[in-house]
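Here we start with a single chain on its own, the form predicted alone, put down as structure tokens.
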């Protein structure tokens, strides 16, 4: 049997899994399922990158050992993929002894072949990115994350990356599909043409890492360690080289430059392809832990299930480009394509076959016009999936479903059943068979994308063989046997009411964040002090009060106002076409990440005012004592956005 080996990134354990991790891993799972239905013996590897200074500091901050800290987060990743029904064949942690052995073997091979030497480094280092910043001065920001760099002087082992510049450029020219998409390939080529410096691969100022053989005061630096996981995960299985590394575009340099050079230096084979997808934005803003706008997958799973999420990520986002994620968009796409589209078509077709043909597939070849389009779409879909153009493939498939919907209306089976003529009954058989056959083809093609739902539809069609056993290469029109009994049309994609579902996901997101925070150390309990309240202001009439329009809003984004340590720049959604800009003097009490998705009260009809160059379109309502910190007004029960306080 042919084998196929693919990997996700080895995820860093500075945070539990979020929607960005989920996106890459769901795509990988879809590719793996697609390859299995082509007859491949597939192995999908993921894992966790657990070493480095960031982990040392994070563990110390919550009074845990590094191993305790990494054990907790690694288990979060395992649990998430299990709950999302993502089949992971190999899960490798960089703290695994098998991985340590492979990293040390890589080092020794590179050293024996003259590509490693010892030196000393003094310069700027970004702890967050675990990256030396060339040409930076003390205190300069890191170009990747913007955080301040630290001055480091230490003895290092260096890898002769500069020796591979010409060979890398030759690789990119002779094997243009080594890096995809084309935009990433061009970026890498430009970077390499700019010149490569030798690379530090060890540290002596930290202890949490894999020791360098014979130089135990050194531990391996992040990329020499983490990248080797792709090999250690399948050590001894004969599966290397990998057929595909799926990664995010922010780490393409390490996979397309460092990794091939390491492997060449060790005289090991290179992976066949590196595909770097774009960023997943949340409401058009890049997600990051520092911004506090991470979206976690499990709240989505609890409210609407995993299949709407899988379908959305593959259909809505052009793979390789940046894409936007929002709860509203997920539900809109689900209702339009799955509930009202495929789900309604399945229910309609099976109900007519049960009602008009005693629940059996009629004897017919189907409509030649529909058959021709279906065969074309099957080919288009296959080609799109092979080239990771998931959105294009799904769009083509839904065009076929739309054609079938229109054909059903044109044939009008509910009228044909009333006409007992042979011609009318033949037409009825034609449209019923065509409908069932399109559903069969669509279900087989969609199996890797929405596997659980497709398995249910497959069973309702009365198919004897399991969906997973279908060979995609043999899919053709007319294979649905006449006389096959169909099952009852039970809803596979019930329609979802958007507003309550979105509100519930935001609520569960906050709970999930709190749960994850609790995993690595409880925040200390704070006793609420008692104070004397300020005197009550003089009374006003009801007419004065009703002039103030107080509205419930939800904070969509939050960031500090430049030049101020007291002001936050908020985007608050109160149900209008666009969120409002609010500048609030609450930065001493609330961090930006604490404000995200929080419901607040704002004065909506206050005259706009500029603060630090930012126009504030309202005022946020908070309580405070004289000289004390502000405390935002909130609600115990769920209150819809835009509701007026009376």
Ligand code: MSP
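Positions refer to the first chain, counted from 1. Owing to the predicted nature of the structure, the values given are computational and were not obtained by experimental measurement.
What comes next is about the form predicted together with the named molecule, which does not appear here.
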{"item": "Contact flag, residue 271 vs the named molecule in the model of the complex, heavy atom cut 4.5 Å", "value": "no"}
{"item": "Residue contact check: residue 255 to the named molecule in the model of the complex, 4.5 Å heavy atom", "value": "yes"}
{"item": "Partner proximity in the model of the complex: residue 248 to the named molecule, non-hydrogen atom cutoff 4.5 Å", "value": "yes"}
{"item": "Any non-hydrogen atom of residue 445 within 4.5 angstroms of the named molecule in the model of the complex", "value": "no"}
{"item": "Answer range among 612 to 620, 592 to 600, 63 to 71, 22 to 30 for contact with the named molecule, defined in the model of the complex as heavy atoms within 4.5 Å", "value": "22 to 30"}
{"item": "Check all three, 34, 80 and 311, heavy atom within 4.5 Å of the named molecule in the model of the complex", "value": "no"}
{"item": "Sole residue of 506, 223, 208, 388 within 4.5 Å of the named molecule in the model of the complex, by heavy atom", "value": "223"}
{"item": "One residue of 394, 416, 373, 227 in contact with the named molecule, assessed in the model of the complex (non-hydrogen atom, 4.5 angstroms)", "value": "227"}
{"item": "Residues in 1 to 36 close to the named molecule in the model of the complex, defined by a heavy atom within 4.5 Å, in order", "value": "9, 10, 11, 12, 18, 20, 21, 23, 24"}
